[in-house]
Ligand code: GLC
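Given next, in structure tokens, is a single chain: the form predicted on its own.
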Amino acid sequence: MGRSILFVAGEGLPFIKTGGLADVIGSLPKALLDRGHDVRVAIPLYKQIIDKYYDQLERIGTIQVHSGWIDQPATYYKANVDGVMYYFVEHQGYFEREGLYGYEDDGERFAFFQRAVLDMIYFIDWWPNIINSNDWQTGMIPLMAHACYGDDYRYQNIKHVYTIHNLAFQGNFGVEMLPTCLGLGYEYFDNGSIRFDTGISFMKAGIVYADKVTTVSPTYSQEILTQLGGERLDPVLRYRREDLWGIVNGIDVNVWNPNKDPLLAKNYTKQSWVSGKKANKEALQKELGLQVNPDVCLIGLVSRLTNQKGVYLITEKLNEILGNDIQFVVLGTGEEAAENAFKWMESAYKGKAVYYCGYNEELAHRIYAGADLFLMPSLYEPCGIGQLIAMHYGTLPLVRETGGLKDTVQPYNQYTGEGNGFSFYAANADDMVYTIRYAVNVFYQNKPAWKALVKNALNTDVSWAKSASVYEELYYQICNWSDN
């Protein structure tokens, strides 16, 4: 029996994206819709959405939102995307800016957004069974629904799931936020439930007050229970460990589909991948000015260039990596030191290595299709999307064994032939270089094993089907639903 679920997030495809959260919001609701549920999404109406999609939005109406000292109008819009209804909260001063996050008034902005979403439920008279909040930008929703609407049974009947996509970003603000922006009393600070140092944490509020807490892979759900991986929230996460679920992400296999991807030089299937990947490699080499050679091992990297992504493991060993008989393509932007290292790489290894500084969605598709290996040496990775896309395109991921990378990439076993990629355990540049050499050796010296690994990767289920069924199980459990 279908139920009603509202996803609330700071971003979501197909409208706006800065990270993997947007991919989840763009695909998980659709997967749950396909399972018979009434699934809707609420996000802020950012300037970028207005610039590109405003003509496709339908205005619902405007109400005055009161949250602490905040007394501001919220105008609501909606748009239907493949059966999923998206709602947008408009406020020119808060959301029509060049960026999404990173402003001094982020606490105020997202306090308003969360209260506006809760008010919207009453305004449109649609009462979801479950609100699934995501990351710090929506972490206060379970508490606000409980504390600010206590006299309305319809709000009290809503169950709350809180999903952690990256524990490192917590939404920590001064305690004065409680009365000024959230409309909450100091007792929530005094009792420690949302206290973080001398202030408050939106992320901690979501962990404490949601009925269930999820994160985006089973391994990451265990890593965040430790002092090393818990970002100082491990004590409260251990307290909620019985309510903590690790559910690995999927990808939208309609968007990421090598058989239909319009951005590729040649489309291919599981049966035609050899000729398909050869054609895409040659096209990529020509596009980027690499020596055209379909037989060389081409390694791709599509990433934010930050320490978390393990880029300094790469940059300190560039000469050793490029000492192999390979080509290397890097797409991404981030920390200046990493960018400079890859710029040097391109100049030092003309025709063998290319660095595209920035982000280019079309080029990303062509790297996934044209590369043989896809490098993801993350120091930590809650789930990761790149390795899932790579496997779906027949490109073998080479990853560090952490978070969702460990859960989704099975390392090659030379004795059994099993595996869909390569991996190393220690956050150590030497171990990474050893694994790259090992993988490159398999590419050149053991073609049957390589082809078997690519077939395994192509046959790996990276869709949302399995994960959506686990989310559904979770929702049924907290609402005491049955399947009929």
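In this text the structure is predicted, and so the values were computed from the model without any measurement. In case it trips you up, residue 1 is the first one in the sequence shown, and so on.
One more form of this protein should be noted, the form predicted in complex with the ligand, which is absent from this view; the next part is about it.
J.: In the model of the complex, does Gly20 come within 4.5 Å of the ligand, counting heavy atoms only?
T.: Yes, Gly20 lies within 4.5 Å of the ligand in the model of the complex.
J.: Flag Lys278 as yes or no: does it have a non-hydrogen atom within 4.5 angstroms of any non-hydrogen atom of the ligand in the model of the complex?
T.: Taking the distances in the model of the complex, the answer for Lys278 is no, it never comes within 4.5 Å of the ligand.
J.: Taking 4.5 angstroms as the cut-off for heavy atoms, does His165 touch the ligand in the model of the complex?
T.: Taking the distances in the model of the complex, the answer for His165 is yes, it comes within 4.5 Å of the ligand.
J.: Taking the shortest heavy atom distance, is Arg109 within 4.5 Å of the ligand in the model of the complex?
T.: Arg109: no, not in contact with the ligand in the model of the complex.
J.: Based on heavy atom distances of at most 4.5 Å to the ligand in the model of the complex, which listed stretch, 303 to 311, 335 to 343, 266 to 274, 237 to 245, is the contact stretch?
T.: Selected range: 303 to 311.
J.: Of the residues Leu398, Ala369, Cys383, Met391, which one places a heavy atom within 4.5 Å of the ligand in the model of the complex?
T.: Flagged contact: Cys383.
J.: Of Val216, Met203, Ile141, Leu182, which residue is found within 4.5 angstroms of the ligand in the model of the complex when only non-hydrogen atoms are counted?
T.: Of the listed residues, the single hit is Val216.
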